[in-house]
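Quick setup: one chain, the form predicted on its own, written in structure tokens, and binding and motion questions come after.
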Amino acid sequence: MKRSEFVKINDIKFYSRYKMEETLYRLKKVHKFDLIIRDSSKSEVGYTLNSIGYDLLALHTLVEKNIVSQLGPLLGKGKESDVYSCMDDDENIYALKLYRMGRTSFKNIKKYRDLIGERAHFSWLYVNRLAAKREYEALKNIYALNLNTPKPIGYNRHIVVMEYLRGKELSYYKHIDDPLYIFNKIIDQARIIFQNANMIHGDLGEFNIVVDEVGNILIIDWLQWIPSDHPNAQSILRRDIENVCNYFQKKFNIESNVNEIIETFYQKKKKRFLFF
């Protein structure tokens, strides 16, 4: 599917290394479970994997690796992903994120150009796989900084499994006891990640920040991160900081200076920076 939308039966036979009779039997069985889509409009019949089939392949592998044993309820549904709770054999509760970027408009493909390069043909399933790998690697780099952020547990294909922070997105809070404290924690975490992991979020805002009841914060959705030496790093960093500052100013009347905050990101000595 990296090379074509529908894979011809002869190619499926070749890659599966089954005889033709066995190939046709298995294709018929899997198609009956609605895990693949058949195209008979051309001279040779072809098949493509759908999202449910891809889910099962990834979940099967995660179960085989003893990362997941039970899948729980849906925790959240976004434009690009679904997040479920899950559990391993030791009853550790994790968050399981499935990328669903095929739901978005093809007009947004420029947004994912860093993932797919200049391919003339691409599969959304493959794009989701690249996205999961990119986010998992970002989470590993961030977790190494000891910021009390959830540990990335594993990934396969388009699924990422991580420790579960029992909180909700900042946008859902109508009231916070100490908004200045939360604001400073967000800025501190973004600065530490910038200075030590050389990463800029790229889409930071109230929908990508999770806060729990005791004030732990987690910056999520790192798909669009860029390195700190990116040609557009300064403008993208400024946009991220402006988004946070504007939200806290409008919602909680917290005044801040974007320029002064950005200056602290480029200081070698990492000092805590408070705003009143």
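Numbers follow the displayed sequence, beginning with 1. Computed from a predicted structure; not experimentally measured.
We do not show the form predicted together with a small molecule, though everything after this point is about it.
- The chain is drawn here without the small molecule; in the predicted bound form, the stretch among 215-223, 239-247, 64-72, 23-31 whose residues come within 4.5 Å of it by any heavy atom is 215-223.
- With a 4.5 Å cutoff on heavy atoms, Gly205 does not count as touching the small molecule in the predicted bound form; it lies far away.
- Using a 4.5 angstroms limit between non-hydrogen atoms, Asp88 is distant from the small molecule in the predicted bound form.
- Within 4.5 Å of any heavy atom of the small molecule in the predicted bound form lies no heavy atom of Asn128.
- Contact annotation: Lys79 falls within 4.5 Å of the small molecule in the predicted bound form, judged by heavy atom distances.
- This chain appears without its partner; in the predicted bound form, the one residue of Ile193, Ala138, Met162, Ile187 with a heavy atom within 4.5 Å of the small molecule is Met162.
- Only one of Gly154, Gly102, Pro179, Pro150 lies close to the small molecule in the predicted bound form, with a heavy atom inside 4.5 Å, and it is Pro150.
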